[in-house]
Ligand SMILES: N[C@@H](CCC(=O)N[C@@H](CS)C(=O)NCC(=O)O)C(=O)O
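What follows is a single chain, given as structure tokens, in the form predicted alone.
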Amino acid sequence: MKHYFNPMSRAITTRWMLLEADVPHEQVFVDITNGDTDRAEYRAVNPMGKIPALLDGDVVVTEAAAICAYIADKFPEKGLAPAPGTPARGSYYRYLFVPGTTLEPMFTIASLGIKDYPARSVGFGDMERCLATIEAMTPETGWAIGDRFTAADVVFGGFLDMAVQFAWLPTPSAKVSAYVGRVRARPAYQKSRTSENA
């Protein structure tokens, strides 16, 4: 299993997931600054030229949430996903997909200063709705879907961590701050932020 990685990318999330799962993998450093993502050999892995990417034999997985879900399902004994078909699985999917499909696009639009767009016609709506969603989905205690940490926390918690770091959420609520604090306290999270590339 090869993990294409640069610490200044969303691959920091998938690195954390791999460390949480404690699975053997080869970490392949992709140098963004010298154009590695534009090279034909990397575009053969991910035509978008984006990081992260995961190569597992002949299987290529891109997109951070998809990689986290793939790892959780490939190693069910690690307990990083609720069983398929259970009620918890529905909540789990929501936590996996809301950050990338709704929250990040909204914060990106806001950071670009774009205000004149049809909020009812786009998937991310408006800032008010996104902030209400964050507040509603952030757990008071424990983790996204209860007492058990899952890939949902890597994706959703990792997004909130980034949103706080980059001041997308300049004044996070006490509940969000506490959850981000629990995320940052995890040993695998801390290890994922070290400077080692392998």
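For clarity, every value in this text was computed on a predicted model and none was experimentally measured. Residues carry their position along the shown sequence, with the first being 1.
One more form of this protein, predicted in complex with the named molecule, exists but is not displayed; see below.
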### Query
Quick one: in the model of the complex, does every one of Ala69, Pro82 and Arg94 get a heavy atom within 4.5 Å of the named molecule?
no
### Query
Thinking of the named molecule in the model of the complex, which stretch from 31 to 39, 146 to 154, 130 to 138, 169 to 177 has heavy atoms inside 4.5 Å of it?
31 to 39
### Message
Check Arg10 for me: does it contact the named molecule in the model of the complex (non-hydrogen atoms, 4.5 angstroms)?
### Response
yes
### Message
Taking the named molecule as it sits in the model of the complex, is Leu54 in contact with it (heavy atom to heavy atom, 4.5 Å or less)?
### Response
no
### Task
Indicate whether Gly49 is a 4.5 Å heavy atom neighbour of the named molecule in the model of the complex.
yes
### Message
Using a 4.5 Å heavy atom cutoff, which residues in 55 to 90 contact the named molecule in the model of the complex? It's fine if the answer is none.
### Response
Glu63, Ala64
